[in-house]
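In the block that follows, a single chain appears as structure tokens, in the form predicted on its own.
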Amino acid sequence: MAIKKSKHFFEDELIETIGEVSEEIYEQLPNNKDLNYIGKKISRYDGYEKVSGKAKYTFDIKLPNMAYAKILRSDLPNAKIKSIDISIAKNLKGVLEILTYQNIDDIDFYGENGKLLDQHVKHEGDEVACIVAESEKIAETASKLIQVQYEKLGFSTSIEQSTRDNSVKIYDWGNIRNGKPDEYERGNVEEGFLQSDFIVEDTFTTEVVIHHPTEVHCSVVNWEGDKLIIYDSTQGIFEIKKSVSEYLKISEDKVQVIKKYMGGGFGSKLEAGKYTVLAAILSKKINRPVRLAVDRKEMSLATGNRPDSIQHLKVGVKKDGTLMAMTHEAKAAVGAYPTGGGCSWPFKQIYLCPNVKTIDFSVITNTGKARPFRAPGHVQGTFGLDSIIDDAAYKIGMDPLEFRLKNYAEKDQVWGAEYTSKLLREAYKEGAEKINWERRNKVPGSGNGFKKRGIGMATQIWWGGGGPPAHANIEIKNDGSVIVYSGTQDIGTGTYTIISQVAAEILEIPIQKIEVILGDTDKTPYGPSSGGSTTAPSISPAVRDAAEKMKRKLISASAAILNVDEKELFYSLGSVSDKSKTNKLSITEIAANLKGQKLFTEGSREENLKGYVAQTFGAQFAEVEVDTLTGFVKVLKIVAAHDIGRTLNRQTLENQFHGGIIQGLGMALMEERIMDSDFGKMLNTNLHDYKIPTMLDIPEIEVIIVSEADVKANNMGVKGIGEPAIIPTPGAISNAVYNAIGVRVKSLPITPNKILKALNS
């Protein structure tokens, strides 16, 4: 192994890391059809525990003598606290401690004055105080007894309000993050438009969407002497360890983070939450374990969202369909604390176009902070891009699929790098065949009857190549049992299962003999956070590295036991033997001969291949039925055809695609944060009023994988699938609606009233 500097993408950000990488070179495994476990529909490693109710999530953790904390949150969108009186609440029986900005060290949490408990609250749901008590009910009661006097300030809760000339300045420097937009340009767009035969220009908008994972954000913390143990529902145990140690100004080796099971996160749980740090401070003060769980309303207000967007797009095209120039200007409301909300990456990358310009404004508003949400930016951007691509195709009388193929990009359009693989043409072909693309309305809206059907499509690009540092260790105990340790976490995607498959495949032993330990910073080597579709392509190569090294170690041990040269031995089916097979030792026999010693190997992910960029690609095709009398849209079928490298587990892959497509359907047709702009309050902070898809909304879903191993991506040929599943869904549904009714709905979600308004206009 060697320590090297590496680069890879994580959630649209180019990450540069320094860490140990494997220098071993392994041949790619055969295609999945010739393998025993990889690529097969293997039941989940943790399936029984989950369906039987035995699985312990963070929300289920109960420690002896545990106390319960709750956060008092602002009910105003922008205000300064003039006074706060906790005396009545403090005297309530069962209340143990109350934290406010007056009695807590300032911890700069979000930057730009975003303290742990700040005197200046900037959105409804911002933290005001934190109470710990003998029960959650007592803590909630006490929160209502705290008397707070506010100085109300002006506020803005939308892009339009924050970008007016006379808008309230949320920060002294204004309401645009960094004081300016993020810009990109290649070629000369003005010249490109002059060379175009047709120009299509329009504005598209998307809504704010809330993550709403099944398991709410939750931390259970306990101090054992000067060591802090955190049970956290998180997508990154090592990220929490690092962040909390920095906030509390303690050594990282004094923090242990544990998470065995988790009920979803979708990006909202990639960061350390204020609730975790508040629980840690309170636990230290009262010398007891503390649990702090965020309720569903708090989830709506304060744990993150997918920002909305206003996108103005302009496309110049030749009569033959050649794209000549493209511009994209987008604004996104990213909440009260500075973060990014750009959605132009698909616009820069998917199609071959010499002249491109994008401008992204991240607009500060008095609302909850934006956080990464399953392909941040790409879902919004793809909806806008694929809408105008369809419009451009219809403008020149070309089949929308043919138009996309006409402008197919063989290389990366931003850096000019080669792709490790790209099978988007194959995805287009197979997806179109499965949806029967030729059935679509050649003239949008030309179907008969008041219930009209339409077919639409959209294209997906996303990173998903992963990278180092990522480690996995394998231990063989004296009884021959095999344990794999990795510092990653299973966020519900099946990481336990794919790790056991890789280990079993390489070691050529029954999968039932593999035990997998994840989610504990004290027991496992470092693993990256689980986001950006990077877990499988980062961790599975490290598991393979450890398993290949274990095979060599087993051969070496057998040579010593049998007193023969290592070169005379080979490994097969969990045993080491010589060519004549007269001398043969199983893993169990080798382990028993070591008399108390353990066999142990350390595996690492190799560095990414220089000069290449690993991307995932795909196309989704949607068929819808629109009732033109009621405006109701029913999605009948989604065909998802994708290039994602090697499939590790076909069953969990389909689970991921179904989940992503259902989330994309929700964004396309119903999900939306609704704000009262007069009072700065969110109106639908529960799952009764915030609509998500139910079983009755879910269409037929067909998943097609057009790829085998991406041999240049990593030693397993794997790329990620978490984000690709959702990216093109809203765009495909939107284009199908247009194909059905012949009128473009330019705003998500596509609700019945918008359909009727569009038809009547």
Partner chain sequence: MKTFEYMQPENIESASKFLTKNKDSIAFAGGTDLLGLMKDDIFSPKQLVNLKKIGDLNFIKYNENEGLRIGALTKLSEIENHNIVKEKYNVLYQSIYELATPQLKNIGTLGGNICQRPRCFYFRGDYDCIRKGGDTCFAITGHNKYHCIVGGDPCYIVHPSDTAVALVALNAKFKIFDGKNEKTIPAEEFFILPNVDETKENILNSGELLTEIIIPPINNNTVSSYIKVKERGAWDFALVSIAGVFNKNDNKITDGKIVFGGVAPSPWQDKKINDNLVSFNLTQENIKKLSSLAFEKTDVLEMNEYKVTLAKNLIIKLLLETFNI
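Small disclaimer: the values here were computed from a predicted structure and weren't measured. Numbering follows the first chain given and starts at 1.
We do not show the form predicted in complex with its partner chain, though everything after this point is about it.
Shown without its partner, this chain lists L35, L63, I692, A55 as candidates; in the model of the complex, only I692 has a non-hydrogen atom within 4.5 angstroms of its partner chain. This chain is drawn without its partner chain; in the model of the complex, the residue among K169, K137, R164, K395 with a heavy atom within 4.5 Å of it is K137.
Here the marked residues K144, L629 and M670 all reach its partner chain in the model of the complex, each with a heavy atom within 4.5 angstroms. For the chain shown alone, K681 is a contact residue for its partner chain in the model of the complex, at least one non-hydrogen atom being within 4.5 angstroms. In the model of the complex, D676 approaches its partner chain with a heavy atom inside 4.5 Å. Within 4.5 Å of some heavy atom of its partner chain in the model of the complex lies at least one heavy atom of H688. Using a 4.5 angstroms threshold between heavy atoms, K451 counts as touching its partner chain in the model of the complex. Annotated contact segment (heavy atom within 4.5 Å of its partner chain in the model of the complex): 692 to 700, selected among 64 to 72, 43 to 51, 716 to 724, 692 to 700. Residues from 187 to 213 do not approach its partner chain in the model of the complex: none has a non-hydrogen atom within 4.5 Å of it.
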